[in-house]
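Here's a solo chain for you in structure tokens, the form predicted on its own.
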């Protein structure tokens, strides 16, 4: 088991390194600089030259890459051109907001998705199953940013039920020091988390329905029914427990996907997380911030996959035997 985990860990590190390398070179080859575009300089040429020298952008790209990797290995992600502060500090401000958004969306995703999947499997090929299946397919086919814009227009602009952006009321709840401010944070969180969670729940429900239908047809489920157990116990205790294995893999992929997929949702709802930070940094040609967000995002994806592999192998030892 330990050798199997070491191999998975080595592969994860290689994937992160490849993602960071690709991001680094693509950003530097795309053109532009912290001074502005090639044909529109926002500062004087002599000032731009000093800035490029200060941040090492006047050195050959391979030298910049080597220095960047050496700095990352020592825990230094560089200085932000745009914010004029360490990149770690910028990520430290944005990361909690993204984790709160992704964590809440993940809770909505799997709570609603598993419930709908079990309900559909229990009523397979009936009206409720067909209606929910079509509704899930419709929601799953919608881009998250478009769904976010629709929810924002209906519940924020027309009905005025929720705020249209931000994480909190900057005047009344600048700090989280009362129950009212906790409610204010949840109020601001509702729409962006629901946008991400609904799209994820639609996919989770389809996966869980298929897994439940496969398990329900097996002999041990028929034996449980023959013993006179209630249908609810048969479904929730015997069938669901064995139908959760595919969802373990889906869970391992869902959280990093929600973190990285929140880019457009954070932009739509003015949610100051990693996605919003990355979009702003791209516009400012802030290479260190963009590369650091790619590093964190790829790290989350690989860690999520690694944890899913470990949990899956622990649940079914045949997986690691075949992968040995």
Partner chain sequence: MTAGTWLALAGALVLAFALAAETRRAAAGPAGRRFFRHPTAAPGLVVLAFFVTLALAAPLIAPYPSYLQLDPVHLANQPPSGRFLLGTDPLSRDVWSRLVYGARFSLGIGSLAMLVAVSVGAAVGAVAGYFRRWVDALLMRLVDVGLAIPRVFVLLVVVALWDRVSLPVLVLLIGLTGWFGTSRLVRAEVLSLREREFVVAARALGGGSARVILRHVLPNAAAPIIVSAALGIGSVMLLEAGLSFLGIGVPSPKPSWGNMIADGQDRLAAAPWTSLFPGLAISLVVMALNAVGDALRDALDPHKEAA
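Residue numbers count along the first chain shown, from 1. Quick caveat, the model's predicted, so the values are computed rather than measured.
In what follows, reference is made to the form predicted in complex with the partner chain, a form of this protein that is not presented.
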- Message: Can you tell me if residue 188 lies within 4.5 angstroms of the partner chain in the model of the complex, counting non-hydrogen atoms only?
- Response: no
- Query: Taking heavy atoms and a 4.5 Å cut-off, does residue 267 contact the partner chain in the model of the complex?
  - Reply: yes
- Message: Considering non-hydrogen atoms and a 4.5 Å limit, does the partner chain approach residue 26 in the model of the complex?
- Response: yes
- Would you please decide whether residue 15 lies within 4.5 angstroms of the partner chain in the model of the complex, comparing each non-hydrogen atom pair? yes
- Query: Quick one: of 142, 162, 89, 100, which gets a non-hydrogen atom within 4.5 angstroms of the partner chain in the model of the complex?
  - Reply: 142
- Query: Any idea which of 188 to 196, 112 to 120, 134 to 142, 69 to 77 reaches within 4.5 Å of the partner chain in the model of the complex, heavy atoms considered?
  - Reply: 134 to 142
- All three of 5, 61 and 65 touching the partner chain in the model of the complex at 4.5 Å, heavy atom to heavy atom? no
